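Here's a solo chain for you in structure tokens, the form predicted on its own.
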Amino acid sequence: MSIQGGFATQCVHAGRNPDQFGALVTPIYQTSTFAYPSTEAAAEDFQDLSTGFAYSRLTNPSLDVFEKKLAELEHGARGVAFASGMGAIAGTLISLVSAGDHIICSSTLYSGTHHLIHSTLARFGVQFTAVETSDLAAVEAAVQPNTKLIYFETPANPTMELSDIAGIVAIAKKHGLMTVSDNTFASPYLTNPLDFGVDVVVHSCTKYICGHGDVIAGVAVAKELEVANQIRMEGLMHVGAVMAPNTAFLLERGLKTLGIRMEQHCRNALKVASWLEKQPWVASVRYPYLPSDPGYELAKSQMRGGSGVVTFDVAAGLEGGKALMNHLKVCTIAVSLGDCETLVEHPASMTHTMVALEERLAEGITDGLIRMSVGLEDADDLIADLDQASKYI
């Protein structure tokens, strides 16, 4: 059901549809198929499989609640749930582009998305141009007669570079292009790209949407219902990266606390980033809500906080970064982000190994770069942990 109110109220109540027994918490509908009272009723559903419940490869009551809740939070028409963030990104792109089409994409992307666009889609005849989407002139210059859409992350993974959402949308509208934005690092609590005119928002729900590190999931939320239905039919039903009902249950539970979690993530991250930029062993720090960050003014205009991710470059390079990470006691070495626990990772040797060295360095992913997903611990404890580990650099 649609619910009016603030973000926290929507997190708790949006999308809920109490079942016949009045269960307060949405049940897990662990079923592959659904019974019909008559062939006529079945035939009616099969005229438009984007509505109703026919088969759980298409949708399911557990997923339906999650999809509607996230669509409300992102101010979209409808969400489409996927088994992973990459499932959502791949499902969206293969639904919207065809052989011979051209994509403009961020040069700095999550490595899985980078591979999907640079290699997988390219093998099927989809062309691309990678540019710094933070540079609007470069984005416009990349437009070709066969350009179909612009794909970008903001903040970007792992550099935390921002792209001007409104500026990119203006270019897209001028040339009749679609826009797809990865909002994983911000979450709908901090940014709503659809409000700026973006057509589709994607998330790796494994991160902040879940918030507890116990699911793999993704979602696409479209501004227009027709686009959402296109993604559901082409990118989900006919490819099959389907979210499990139990995953939807855990995601809806996680969403209920998204607002209060993001407040603490942002508060902690800003405190940690402010401390890091004063340390002699740190060459640089990127955090959107840090006044010294190049994207600070843009962040203030399109975000309501800086996210929980901080990236910093250890001046001593690869060996210095390894020494720091290996001596952390509170922070955990692990990929992913958005968990209650603080996670640190080394993109050059972990998440971005699929990106060629030259590209990686050009994107600012140096050997000494560390991505820190600041958790919900006491910020002073995280700072103390970094401080003691820095003695080993």
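For every residue, the number given is its place in the sequence shown, counted from 1. Here the structure is a predicted model, which means the values were calculated and not measured.
Quick note: we don't show the form predicted in complex with a small molecule, though the next part is all about it.
Chemist: Tell me the stretch among 314-322, 171-179, 297-305, 214-222 that has any heavy atom within 4.5 angstroms of the small molecule in the model of the complex.
Modeler: Flagged stretch: 214-222.
Chemist: Which one of A228, V131, M262, M86 is close to the small molecule in the model of the complex, taking close to mean a heavy atom within 4.5 Å?
Modeler: Flagged contact: M86.
Chemist: With the small molecule left out of view, which of T247, T147, T206, S95 would have a heavy atom within 4.5 Å of it in the model of the complex?
Modeler: Contact with the small molecule in the model of the complex is made by T206 alone.
Chemist: The small molecule in the model of the complex: within 4.5 Å of a heavy atom of each of N157, F185 and T351?
Modeler: All of them do, each having a heavy atom within 4.5 Å of the partner.
Chemist: Any chance T332 has a heavy atom within 4.5 Å of the small molecule in the model of the complex?
Modeler: Looking in the model of the complex, residue contacts with the small molecule do not include T332, since no heavy atom lies within 4.5 Å.
Chemist: Quick check on Y289: any heavy atom within 4.5 Å of the small molecule in the model of the complex?
Modeler: No, no contact at 4.5 Å.
Chemist: Is L337 close enough to touch the small molecule in the model of the complex, meaning at least one heavy atom pair within 4.5 Å?
Modeler: Taking the distances in the model of the complex, the answer for L337 is yes, it comes within 4.5 Å of the small molecule.
Chemist: E153 versus the small molecule, in the model of the complex: is there a non-hydrogen atom within 4.5 Å?
Modeler: It does: once the small molecule is placed as it appears in the model of the complex, E153 has a heavy atom within 4.5 Å of it.
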